[in-house]
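For reference, the chain that follows is the form predicted on its own, supplied as structure tokens.
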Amino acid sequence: MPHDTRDLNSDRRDIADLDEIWLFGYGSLIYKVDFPYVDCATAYLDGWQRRFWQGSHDHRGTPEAPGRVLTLIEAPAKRCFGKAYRVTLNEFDHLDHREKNGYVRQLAPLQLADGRQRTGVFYVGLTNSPAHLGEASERAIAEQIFRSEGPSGSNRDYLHQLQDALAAHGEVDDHVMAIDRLVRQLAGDD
């Protein structure tokens, strides 16, 4: 059963007081920007890394057969590449709905590529949510992604579009790249 976090995210006092709201995208928000923004920049979030540990019961899978999408996990020595979007508070009705399956907003320092540091707003999957699938082998994750599909399309498309977007920015994420390679092998593309 998915865990709808829209009520948890409806309290926006944490972001309403910010001088500028910079949304940090580390997954599909890198390549699928379906909201208006004031500015956009390449950005880095220190102390976090991507992992396909979040279930997608509503976009890239179904409640009966969830897909796997990204969440961030704390990793002190790591740096996560992404895109930052300067947005207004008005965009969070849409964003909270888009990220409703077990994700909550967090705030942390964000390093923009031009050297500016801003407070970043990002979504992280709750580990105590039914949507959190947790750690698994790269092979098991790849097999689940390979066979999953939901209302927003195939889980494979999510993965391949992310890998393509990272490559276009010259970024290497070993976790994403390994799973992408395994899924392509399963599909006979490699």
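Numbering starts at 1 and runs along the sequence shown. Treat the numbers as computed from the prediction; the structure is a model and nothing was measured.
Keep in mind the form predicted in complex with benzoic acid is missing from the figure; the text below concerns it.
- Scanning 141, 131, 43, 29 against benzoic acid in the predicted bound form with a 4.5 Å heavy atom cut-off leaves one residue, 29.
- In the predicted bound form, benzoic acid stays beyond 4.5 Å of every heavy atom belonging to residue 48.
- Contact check for residue 99: a non-hydrogen atom falls within 4.5 Å of benzoic acid in the predicted bound form.
- Benzoic acid is not drawn, but in the predicted bound form it has a heavy atom within 4.5 Å of residue 24.
- Contacts of stretch 117 to 149 with benzoic acid in the predicted bound form, defined by any heavy atom lying within 4.5 Å, are made by 123 alone.
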